[in-house]
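Read the single chain below, which is given as structure tokens and is the form predicted on its own.
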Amino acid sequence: MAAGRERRDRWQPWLESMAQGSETADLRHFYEAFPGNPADPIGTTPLAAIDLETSGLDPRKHAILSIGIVPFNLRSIATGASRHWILRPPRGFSGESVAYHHIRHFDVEQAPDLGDVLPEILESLRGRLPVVHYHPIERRFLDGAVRERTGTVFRFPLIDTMEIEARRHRRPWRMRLGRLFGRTPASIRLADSRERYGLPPYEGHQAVVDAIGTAELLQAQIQHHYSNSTPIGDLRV
């Protein structure tokens, strides 16, 4: 546990260095306002759920097609302040992924490039700890896209609701016990995780809808497994 806490706390000097060294004023302001103290309680930390729809799973070949962001805290979700951007991909949109996100070539032809709306995206996240479901997608795609346009690394701590489910349902002893009794491992996908907490089903793979679903899931996870005083350093990755 001590080693894990030390590893998570390394985000603090990283955020401080990025606040001083980022190339653009928008990025500096984003890092300056980031909730970086790992001792801060989750109950008083402003949060923002993020979801991306992409044209594939490899950020070197594929691109972000849409971004949804919803501000929230453990008491309420500000759906009226949610933001949703359809983006024009610079590459990697063959149309094969349309079945998942329903974004067509027609939708993106006149859409802005991510670089055009990056100041709006950073402003939506400013002062809030990002929350996602399966962080490798958001972390790798956002870092690659922002780095390509600004030359600046774009990495920051976030809370991953899938990681929280994995800590409970993918523990080695539980997996071994399940195999012993022939049980199928519990799914930790967003829809299945929501169902375990009694949250209603909805049509996924729409960025802003999935962001709202992620915000609701974190609220339920904290209510069932943590408390408002849980330090954000115990939750973020």
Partner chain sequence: MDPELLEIQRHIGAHPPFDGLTDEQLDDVTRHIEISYYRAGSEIVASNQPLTALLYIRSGAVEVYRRSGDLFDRLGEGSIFGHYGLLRGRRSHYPAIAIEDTLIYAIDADVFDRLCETDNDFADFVELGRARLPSVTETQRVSNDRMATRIRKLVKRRPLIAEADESAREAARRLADEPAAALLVVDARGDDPRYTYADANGELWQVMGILTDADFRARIVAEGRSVETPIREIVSEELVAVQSDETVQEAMLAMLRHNVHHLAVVHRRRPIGVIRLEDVVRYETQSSLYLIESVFSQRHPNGLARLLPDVRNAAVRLVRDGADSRTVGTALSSIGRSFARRLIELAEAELGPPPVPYAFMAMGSMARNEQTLVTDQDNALVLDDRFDPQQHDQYFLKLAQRVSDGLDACGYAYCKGDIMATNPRWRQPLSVWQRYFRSWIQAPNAERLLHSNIFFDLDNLYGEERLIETLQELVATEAGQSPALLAAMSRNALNRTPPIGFFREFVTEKDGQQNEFINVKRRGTAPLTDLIRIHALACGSRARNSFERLADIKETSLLGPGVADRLSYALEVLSLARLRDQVLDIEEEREPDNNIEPRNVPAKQRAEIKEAFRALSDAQKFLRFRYPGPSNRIRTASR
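Residue numbers count along the first chain shown, from 1. Values in this document were obtained by computation on a predicted structure and should not be read as measured data.
The discussion below concerns the form predicted together with the partner chain, not included here.
Engineer: Tell me, out of 209, 33, 52, 188, which residue has a non-hydrogen atom within 4.5 angstroms of the partner chain in the model of the complex.
Structural biologist: Contact residue from the list: 209.
Engineer: Specify the contacting stretch among 79-87, 152-160, 139-147, 110-118, defined as having any heavy atom within 4.5 Å of the partner chain in the model of the complex.
Structural biologist: Selected range: 79-87.
Engineer: Contact with the partner chain in the model of the complex for residue 40, defined as at least one heavy atom pair within 4.5 Å: yes or no?
Structural biologist: Residue 40: no contact with the partner chain in the model of the complex.
Engineer: Can you tell me if residue 18 lies within 4.5 angstroms of the partner chain in the model of the complex, counting non-hydrogen atoms only?
Structural biologist: It does not: once the partner chain is placed as it appears in the model of the complex, residue 18 has no heavy atom within 4.5 Å of it.
Engineer: Check whether residue 10 has any heavy atom within 4.5 Å of a heavy atom of the partner chain in the model of the complex, and answer yes or no.
Structural biologist: Residue 10 lies outside the contact set for the partner chain.
Engineer: Can you work out whether residue 223 and the partner chain are in contact in the model of the complex, taking contact to mean some heavy atom pair no more than 4.5 Å apart?
Structural biologist: Output for residue 223 is yes: heavy atoms within 4.5 Å of the partner chain.
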